[in-house]
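Below sits a lone chain in structure tokens, taken as the form predicted alone.
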Amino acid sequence: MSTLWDANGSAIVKELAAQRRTGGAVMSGVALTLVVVADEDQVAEAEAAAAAAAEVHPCRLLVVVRRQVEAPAPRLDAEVLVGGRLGPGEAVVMRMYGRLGLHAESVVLPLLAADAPVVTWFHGAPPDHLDRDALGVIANRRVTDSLMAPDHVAALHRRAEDFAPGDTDLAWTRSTFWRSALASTLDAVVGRRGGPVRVLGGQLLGDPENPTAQLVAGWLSARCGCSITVEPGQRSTGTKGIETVVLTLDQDEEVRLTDDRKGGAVISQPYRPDATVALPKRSLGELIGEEMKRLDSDEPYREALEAATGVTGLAQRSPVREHHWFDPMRPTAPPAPTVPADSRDDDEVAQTGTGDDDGGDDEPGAAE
């Protein structure tokens, strides 16, 4: 590991090349670049999770820590690691001081793995507008976590209002095992009947303020074509937010999945004895690793987000985000001017072929 104080992007690139030569590391098999945005008090947790994900998905890891944006002078401190504590690949931890943090992309862009997709993970309260952070704009996939926001449900609605294909949320990732168990339960009913099953309604008992519970209810509503509501449960549910899911089926049947608080769920359905399936609690690194498996748009998440928040038209939004400059030190400042598509009507040179006339045709230095 090398530590660079008051460095710049060029120094980081040179140090990475030097460590490759001395260590013999070759990154020809890198699958992507993982950019992690975290505050100083959460960087240790983010590093541990990213290192666990990097062991499964070979990647170049870039950790960005913005500190003291109000500092009068910008500064960049960096740790450069190849095969160190942050996984088997290349990793750079950058602490940016002053207004450099508002232009973090100027340091990150030269460090991206060539011809590889980019995943940006915001470990903290999700930004209200991802298009105001260039690190989110340059990414193919953007990962947030509504559970880390002060108001979980409000954050979920902000994710819908600000949605673009390629966005996802760890509140959705936490529901994977619950969704798998629900789908397999309905498949078992189809197999027993030898025909299709129609879901007429149902409810999810748990924490109505938990974004995972809201997304699972939204997913069921979108897939089953009926309303699935989130009702308060009787027990504490932790981060998963779900205690019991009850689905009312046609032919006067009902299926029920109940958290057994032992790392599993009990499945109850007609004409079958109760069965238990595993629903283990996964680490943050495993959640990030799951999101790194796919780099295309997560359509089931989009459908669940639409149904959970009531915000429609998400499928028609452009997958390409456009960066909008925002200065947190001057939040009421007017927006930056945009470059016109055509300057024909505004450019004096385009109109007349000449520039400003100073009143003479003398060459510089010709007048004595």
Partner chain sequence: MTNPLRDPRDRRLPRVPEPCALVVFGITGDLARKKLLPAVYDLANRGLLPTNFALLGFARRDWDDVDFAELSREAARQHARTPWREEVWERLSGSVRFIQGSFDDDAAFDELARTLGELEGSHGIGGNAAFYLSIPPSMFPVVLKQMQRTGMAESTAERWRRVVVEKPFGSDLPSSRELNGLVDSVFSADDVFRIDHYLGKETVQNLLALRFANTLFEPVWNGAHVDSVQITMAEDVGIGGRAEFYERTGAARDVLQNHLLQLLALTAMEEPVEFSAEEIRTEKLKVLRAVSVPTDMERFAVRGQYEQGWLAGQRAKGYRQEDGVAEDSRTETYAAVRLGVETRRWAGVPFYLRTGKRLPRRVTEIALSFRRAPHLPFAPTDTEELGHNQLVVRVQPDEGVTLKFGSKVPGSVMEVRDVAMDFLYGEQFTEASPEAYERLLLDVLLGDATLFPRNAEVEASWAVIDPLEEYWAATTPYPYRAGEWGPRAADEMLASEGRAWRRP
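Computed from a prediction, not measured in an experiment: that's the story for all the values here. Positions refer to the first chain, counted from 1.
Keep in mind that the form predicted together with the partner chain is missing from the display, and what follows is about it.
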> According to a 4.5 angstroms non-hydrogen atom cut-off, is residue 219 in contact with the partner chain in the predicted complex?
Replying inline: yes
>> Is residue 72 part of the interface with the partner chain in the predicted complex - any heavy atom within 4.5 Å?
In response: no
> Does the partner chain get within 4.5 angstroms of any non-hydrogen atom of residue 95 in the predicted complex?
Replying inline: no
> Any chance residue 303 has a heavy atom within 4.5 Å of the partner chain in the predicted complex?
Replying inline: yes
>> Only one of these stretches, 186-194, 123-131, 203-211, 106-114, has heavy atoms within 4.5 Å of the partner chain in the predicted complex; which one is it?
In response: 186-194
> Though the partner chain is not shown, can you say which of 239, 251, 176, 227 has a heavy atom within 4.5 Å of it in the predicted complex?
Replying inline: 176
> Within 102-130, which residues come within 4.5 Å of the partner chain in the predicted complex, counting heavy atoms only?
Replying inline: none
